[in-house]
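What follows are structure tokens for two forms of the same protein chain, given separately as structure 1 and structure 2.
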Structure 1
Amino acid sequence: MNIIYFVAQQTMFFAIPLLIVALGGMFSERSGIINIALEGIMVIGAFAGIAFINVTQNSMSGQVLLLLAVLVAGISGGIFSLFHAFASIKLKADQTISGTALNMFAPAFAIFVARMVQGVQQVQFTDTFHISKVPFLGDIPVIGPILFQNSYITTYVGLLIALLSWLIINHTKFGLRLRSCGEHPQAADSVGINVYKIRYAGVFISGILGGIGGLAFVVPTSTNFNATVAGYGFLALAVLIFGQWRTKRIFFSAFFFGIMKTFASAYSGIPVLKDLPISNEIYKMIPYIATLIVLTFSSKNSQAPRAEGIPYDKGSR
């Protein structure tokens, strides 16, 4: 039973960032803007959040510091995503090229700033955020050890974001307008919806969640930030596609890939996997092999928003 709890807890560390970032991508793409800049947005968000922790950790610690860092990471990711929004919406640039440019710029920017400020590119921080056990909730059978022991507050932030995303997309006026702009922007415009503003909002929300996801990935898995999120932004895109741009499906897809990542990174703590005659390199390949297999079978039935990736011209009909 302890092994099951261990796997479940480790899965949370990997699945929650994927969930947050994939949901961010959903907001952008449901509005009609392809956002492959999620990797770069994660890097910027993680860099800003960890840098904030690094600067303030001598005067603050614990959950309040982490929540403030989440706020900083979200704002930073949102601002960074506006470059993609401006290029895609205002300049009508190729959205894939714009996203690729931001992915290339983000780690270079993080390394440059880190070296300018402190002389080295790794930004160190002290982990004072680990929650050994949440009082009362940690004692609940089965659920307690999985959700409320050996956890981070980012887990609960991620689950809350998933719930709010489902409510916003499916049960609010904004969500309806967002979806209409991604499916048929001309029809949305004809009833008075400002397609440009809705798409800017979608990309901005995507940036906020991408930045938060970057920080949520780094904090539980390391004590320093080295200008990389290990390809998690691209893995989140796979989760988004496998989840068919739908909140509930994305939720389950994130946990599927989270389990694959757990097998790849924490196999040494799982006796059954540790004893197999398989090299470390093979285990590290598991999430990406799973990604290729899943996308091979799921891409045929893809239900992407119809107007995704198509620049909107108000004058055309």
Structure 2
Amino acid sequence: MNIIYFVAQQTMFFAIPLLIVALGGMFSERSGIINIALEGIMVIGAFAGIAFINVTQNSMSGQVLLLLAVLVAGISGGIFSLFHAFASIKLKADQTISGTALNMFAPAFAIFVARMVQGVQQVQFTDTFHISKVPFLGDIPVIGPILFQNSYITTYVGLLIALLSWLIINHTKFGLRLRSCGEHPQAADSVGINVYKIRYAGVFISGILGGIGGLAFVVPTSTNFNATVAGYGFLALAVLIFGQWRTKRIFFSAFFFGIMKTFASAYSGIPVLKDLPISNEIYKMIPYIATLIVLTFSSKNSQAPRAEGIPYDKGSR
């Protein structure tokens, strides 16, 4: 039982950042803008969030601090993403251009600023927000240990974001409009929807979530931030595509990937897996191979937003 709880808890650390960032990508792509800048946005979000914690941790601590850091990460990710929005919406540039540029810029910027300010490129933080057990909820049998022990508040932020994303995309005016812009912007325009504004909003939200995801990635897995999120932005992109751009499927893909990753890295602590005659590297490859296999059998009908990647030009038809 203990081991199952452990796997569940550990899975959260992998799955939640992927979930948040992939959902961010969803908002951008369903508004019609491909966002390969997720990696860079995560870096910026994590950098700003951790830097915030670093600076304020002497006067604050615990959940309040982390939540404020989440806010800071979100806002900075959002602002950073506006560069992508500007280039791909206003300038109608190829959307891989600014995405690539942002991915390149972010880590260099993080290192540069960290060195300018403190001389060292790692930004250190003290973990005062680890939750070993949520009061009351943590004692619920089964659910308690899985969800409410050994966790971070970012986990709940992530789950909340998933719920809200589903609600917003499927059941609100904004969601309906956002989707129409990603599928058929001319149709949206013809009923008086400002496609540009909606797309800006979509990219901005992706920036916010990307930033939060970056922080949620670093906090449970390291004691400092060193200008990298280890390719998780690209993995989030993969989760997004794997999840067919739909909230629920993204949720499951993120957890599928999270579980695979957990098995791959923690197999040496899991009884059954440990004894299998499979080497370290094979375990590391398994999540990626599994994803490939699943994709092979599930991609016949891709549901990519139809207008994704195409700059919207009011004049053109």
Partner chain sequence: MKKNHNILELKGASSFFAALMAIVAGLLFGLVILLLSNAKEAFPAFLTILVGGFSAGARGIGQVIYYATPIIMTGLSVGFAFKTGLFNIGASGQFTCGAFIAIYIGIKWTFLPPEIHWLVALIGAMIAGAIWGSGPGLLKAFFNVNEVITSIMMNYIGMYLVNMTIVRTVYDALKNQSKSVAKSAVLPKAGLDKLFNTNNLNIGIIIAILSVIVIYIILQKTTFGYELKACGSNKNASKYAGINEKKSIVLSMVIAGALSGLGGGLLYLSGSGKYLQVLDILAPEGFNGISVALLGMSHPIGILFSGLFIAHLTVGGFNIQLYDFVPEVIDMIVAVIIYCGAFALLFKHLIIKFTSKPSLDSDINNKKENEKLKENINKLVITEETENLDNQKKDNKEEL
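Rigid core here is just the name for the largest C-alpha set that superposes within 1.5 Å across the two forms. No experiment lies behind these values; they were computed from the predicted model shown. Just so we're on the same page, residue numbers count up from 1 along structure 1's sequence.
It is structure 2 that shows the chain in the form predicted in complex with the partner chain. A displacement of less than 2 angstroms separates the C-alpha positions of A51 between structures 1 and 2, with the rigid core held in common. After superposition on the rigid core, displacement of the C-alpha of S61 between structures 1 and 2 stays below 2 Å. Relative to the superposed rigid core, the position of the CA of K284 differs between structures 1 and 2 by 2 Å or more.
Taking the core as the fixed frame between structures 1 and 2, we note the C-alpha of L273 moving 3.3 angstrom. Shown is the Cα shift of I293 between structures 1 and 2 after rigid core superposition, which amounts to 4.2 Å.
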